[in-house]
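Before any questions on binding or motion, here is one chain by itself as structure tokens, the form predicted on its own.
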Amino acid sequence: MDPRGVSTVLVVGAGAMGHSIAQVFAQAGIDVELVDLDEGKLSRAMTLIQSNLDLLAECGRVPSAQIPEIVARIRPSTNLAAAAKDTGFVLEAVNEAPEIKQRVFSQLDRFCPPDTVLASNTSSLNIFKIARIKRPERLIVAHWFAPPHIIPLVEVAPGPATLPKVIAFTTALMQRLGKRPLVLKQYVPALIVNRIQNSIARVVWEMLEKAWATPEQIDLAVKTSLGIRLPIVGVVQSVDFTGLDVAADIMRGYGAVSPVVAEKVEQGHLGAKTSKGLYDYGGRSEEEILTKRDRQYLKMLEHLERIRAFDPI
């Protein structure tokens, strides 16, 4: 299984995710069979792909001269059987409805060659329990983020039967596309990013329902605080700058301290101030670490202010 030899892929579902995923494959020089039952959705997908590429060209991400050949690599179709017969990789991006996904994978199981890797874009549904296929060892999750033609991350998650060579193939294929694949040890509901986002969403809905803040206030608060910090330190490393001893005190106020934090505190690894916490800072001084962080923060703040990111879209 050599991802460099992949010349044709099948993307099933031409909606918000599928059309953009197809575009990314085409940009990488791979022919794409883009299948949807709705001809109107296929037509709209091709229009959106053209618009996406025009914007990428405007921003210097794609040469304008290459756009016609990129679009030409994408073949819209309503015939799944014909599109599936010669492909070595399938990416399913249909509606998040178990019965629809089950039907699609049953058809793919019949129509695709026996060694075709079958990937799903879902994170919220356990495709490994939903899909009923003869060879579950070739089934995998490759979860993209909207808009796929811009966001680099793809979460790759195997099922209980997924072969290591299928994981390696899928990861390398995503890298060929210029993506940043992140391989999980196993599937967990919502994977990483959506699991975090879902927790944030629960709090946001509570604040809105109780009228504690307006939508505009909530978004401005996040943009002008977390929005500056998270691209630099993420959500885990940020605790190293809070201090794990401080984090432990905060957790005690809520009733329990995470064993991960408690162990680090016991070892005296408190974060940036001890040059070791959840991250290892290689013996650098706290001043060195903070200076590097703050220089990045200032660059991010300057950029966000310049593009007026704190204003609503």
Ligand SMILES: NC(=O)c1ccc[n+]([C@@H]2O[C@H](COP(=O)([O-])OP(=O)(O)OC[C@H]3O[C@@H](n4cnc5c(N)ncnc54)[C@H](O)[C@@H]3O)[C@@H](O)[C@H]2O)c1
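No experiment lies behind these values; they were computed from the predicted model shown. We number the residues from 1 along the sequence you see.
Just so it is clear, the following notes concern the form predicted in complex with the named molecule, a form of the same protein that is not shown.
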(request) Could you tell me which of 89 to 97, 220 to 228, 175 to 183, 110 to 118 sits within 4.5 Å of the named molecule in the predicted bound form, going by non-hydrogen atoms? (result) 89 to 97
(request) Let me know the one among 236, 82, 200, 146 whose heavy atoms come within 4.5 Å of the named molecule in the predicted bound form, would you? (result) 146
(message) Please determine whether residue 16 contacts the named molecule in the predicted bound form, using a 4.5 Å cut-off between heavy atoms.
(response) yes
(message) Taking the named molecule as it sits in the predicted bound form, is residue 41 near enough to touch it, meaning that at least one heavy atom pair lies within 4.5 angstroms?
(response) yes
(request) Report yes if any heavy atom of residue 37 sits within 4.5 Å of a heavy atom of the named molecule in the predicted bound form; otherwise report no. (result) yes
(request) Check whether residue 12 has any heavy atom within 4.5 Å of a heavy atom of the named molecule in the predicted bound form, and answer yes or no. (result) yes
